[in-house]
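You are given structure tokens for the same protein chain in two forms, set apart as structure 1 and structure 2.
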Structure 1
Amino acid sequence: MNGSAIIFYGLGALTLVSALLAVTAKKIFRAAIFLLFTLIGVAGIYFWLNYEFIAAVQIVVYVGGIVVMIIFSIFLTQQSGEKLPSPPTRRMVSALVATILGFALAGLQIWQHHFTGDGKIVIEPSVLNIGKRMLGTGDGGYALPFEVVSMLLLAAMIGCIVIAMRSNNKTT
């Protein structure tokens, strides 16, 4: 086992353990923090793979954006500091069964799939390449999905503004 493998297993353990803690935590704020560590672990694996751009985006979007949003909504709700009651046994059993089934399905897929990549075809994940792909219209370009997604985000933003903006004559 070399150093690289040790780092990989460390990151994997961090991700899995904090994911497990996130779903079993009794306090909702703790669950959010463990979710954060899970996401950081995933970002760490991206760094380990030398995909720095994706790792940084993972941190910006999930850690800096979504988890902060979740924490904010936890702050704004009452009783955020109280312990949640432990779920009834029936629900726990069904959750366990669902988890095992999902795990088995994923394991089966990985087991049956023959990984053909020999690790020699390396596409350099530099920002330049990503940018060219993202805005390319030719083969392997993502210009159309990119624009569609930005339209969706624009629509969401306008929707937020409409909800937040109250007309004066109604409220006063």
Structure 2
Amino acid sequence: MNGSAIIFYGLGALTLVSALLAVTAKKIFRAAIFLLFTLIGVAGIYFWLNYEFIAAVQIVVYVGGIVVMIIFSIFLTQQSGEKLPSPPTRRMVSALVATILGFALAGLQIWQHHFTGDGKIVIEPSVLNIGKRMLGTGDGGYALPFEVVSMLLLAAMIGCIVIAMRSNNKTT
């Protein structure tokens, strides 16, 4: 096993263990911190694949934006120390069965698919090409999805403010 494989398996383990801990954490603040480590692990995998721009976007948008907004929302609602209720055993078994079936179905689809090239020219993943795609409004452009994501973040921020204002009014 070479160093590259060790780095990949280390980042994969960090991502999977952090994701599992984020889902099973009893305190909401700890779940948000484990989500932060999960997203950092995904960014590390992007760096390992030499997609530096996508890794930087992962860190800035998800780690720097969404997770920080979640943590601020937790602190604004003053529920950072509360324990989350334990889910019923029936729900846990259902989630486990759904996960196993999902992995089995995905594995079956991958195993049955014959991967062939489509003959299209591969675009070099440079900052210039990614920028042209991000700002493009034509075929293959991502300006519309980018605006939809920005409206989603705006709605999430407004929701955080409304929740914080509602909880502050109840305490006074």
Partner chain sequence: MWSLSKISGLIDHWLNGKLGSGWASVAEMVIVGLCVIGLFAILGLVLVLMERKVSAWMQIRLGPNRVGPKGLLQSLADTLKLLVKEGLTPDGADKFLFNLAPFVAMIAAMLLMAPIAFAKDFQIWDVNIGVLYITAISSISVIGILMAGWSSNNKYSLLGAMRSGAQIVSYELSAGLSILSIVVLTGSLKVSDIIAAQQNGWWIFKGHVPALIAFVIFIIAATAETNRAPFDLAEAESELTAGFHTEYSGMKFALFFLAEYVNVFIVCAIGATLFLGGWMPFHIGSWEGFNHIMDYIPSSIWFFGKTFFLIFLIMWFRWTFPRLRIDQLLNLEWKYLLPIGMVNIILVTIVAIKGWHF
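Since the structure is predicted, the reported quantities are computational estimates derived from the model, not experimental observations. The term rigid core refers to the most C-alpha atoms you can superpose between the two forms while keeping them within 1.5 Å. Counting starts at 1 and follows the sequence of structure 1.
Structure 2, not structure 1, represents the form predicted alone. Relative to the superposed core, L16 undergoes a C-alpha shift smaller than 2 Å between structures 1 and 2.
For F34, a C-alpha deviation below 2 angstroms is recorded between structures 1 and 2 after rigid-core alignment. Its Cα shifted by 10.4 Å, A155 is compared between structures 1 and 2 on a rigid core fit. Summarising the core-aligned comparison between structures 1 and 2, the C-alpha atom of M134 is found to shift 3.8 Å.
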